[in-house]
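Let's start with one chain on its own, the form predicted on its own, as structure tokens.
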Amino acid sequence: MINDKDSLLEVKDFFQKTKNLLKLVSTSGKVGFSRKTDLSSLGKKCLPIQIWGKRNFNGLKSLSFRERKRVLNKKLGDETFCVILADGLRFFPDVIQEAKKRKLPLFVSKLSQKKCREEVKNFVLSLSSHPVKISAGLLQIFGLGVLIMGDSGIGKSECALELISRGYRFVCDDVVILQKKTDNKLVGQAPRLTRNFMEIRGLGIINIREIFGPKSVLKQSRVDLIIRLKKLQKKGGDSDRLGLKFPEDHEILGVKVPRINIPVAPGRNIATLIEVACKVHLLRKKGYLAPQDIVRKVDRVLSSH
């Protein structure tokens, strides 16, 4: 991670941190590896990286040598951090020559142009200390900061309200402001305007602090677990009935947080399922996994016959 006192990112560091992620190979050796960009001025914008794909490649290929040189002179400006050629393509010799003159690093990637752009964007977010807003609710359950996500209307707020009534603590509803701290952990809080408030269909806006008391709310909480509510799929949609798979990782601001998906359907008590999911997560952190436990018991029974 870039030191707060030094907001400059060097090409050398960028290459080392992303070469496996982007499947990068340097075409120009270490030319331009000392080139820097100022992270503090990026905000939510992307690094000044040019990512070329098949369309860019074919466009350059169709040009004459002289015309291509003119286009390259315009494209390869001093502000460019580096150029990545995606889709497993190779740079033309005159592109390599022009880049060397400018001490501009060139990389090739086996990934598609679209995938490269997504991964570079995620990388930038992982370096950024700028907060982001996402649609979710945040509660503290059994000491865990639990981010509850799901489509609009799926029942996130009603579920959160039931959990608050059981004694768990409320941080925010509907919109969460997330920020990455120096220990590489996510912390979430409510927008100032909506702090302590929740919207419940049929009741309108309610004040959690006034209804349940000051101890029912927290100003902020670390995010330890993500619960994603989703509509129960039809027959055949749930393949892991035993829970042998570990929770998926959900990446926000470059931080990976365990995520458990809970199907929502009429008659299911989602608040109780979230409570149990938190307990399951805490047990897994201690090394206990119920599915593996029962599989071992079944294996012992089968081997004894």
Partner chain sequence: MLKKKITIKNKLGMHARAAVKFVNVANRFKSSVKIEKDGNEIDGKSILGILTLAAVQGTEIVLKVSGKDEDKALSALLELINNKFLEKE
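Positions refer to the first chain, counted from 1. Because the structure is predicted, anything quoted here is derived from the model rather than measured.
The protein also exists as the form predicted together with its partner chain; that form is not presented, and the subsequent description refers to it.
In the model of the complex, its partner chain lies farther than 4.5 Å from every heavy atom of Ile96. The shortest heavy atom separation between Ile141 and its partner chain in the model of the complex exceeds 4.5 Å.
Not displayed here, its partner chain is approached by Met198 to within 4.5 Å at the level of heavy atoms in the model of the complex. At a distance threshold of 4.5 angstroms between non-hydrogen atoms, Gln233 is out of contact with its partner chain in the model of the complex. Contact with its partner chain in the model of the complex, defined as a heavy atom within 4.5 Å, holds for exactly one of Asn122, Asn73, Thr194, Gln179, namely Thr194. Just one of Lys219, Lys215, Lys101, Lys133 comes within 4.5 Å of its partner chain in the model of the complex, counting any heavy atom, and that one is Lys133. Residues placing heavy atoms within 4.5 Å of its partner chain in the model of the complex fall in a single listed stretch, namely 185-193, out of 207-215, 185-193, 101-109, 87-95.
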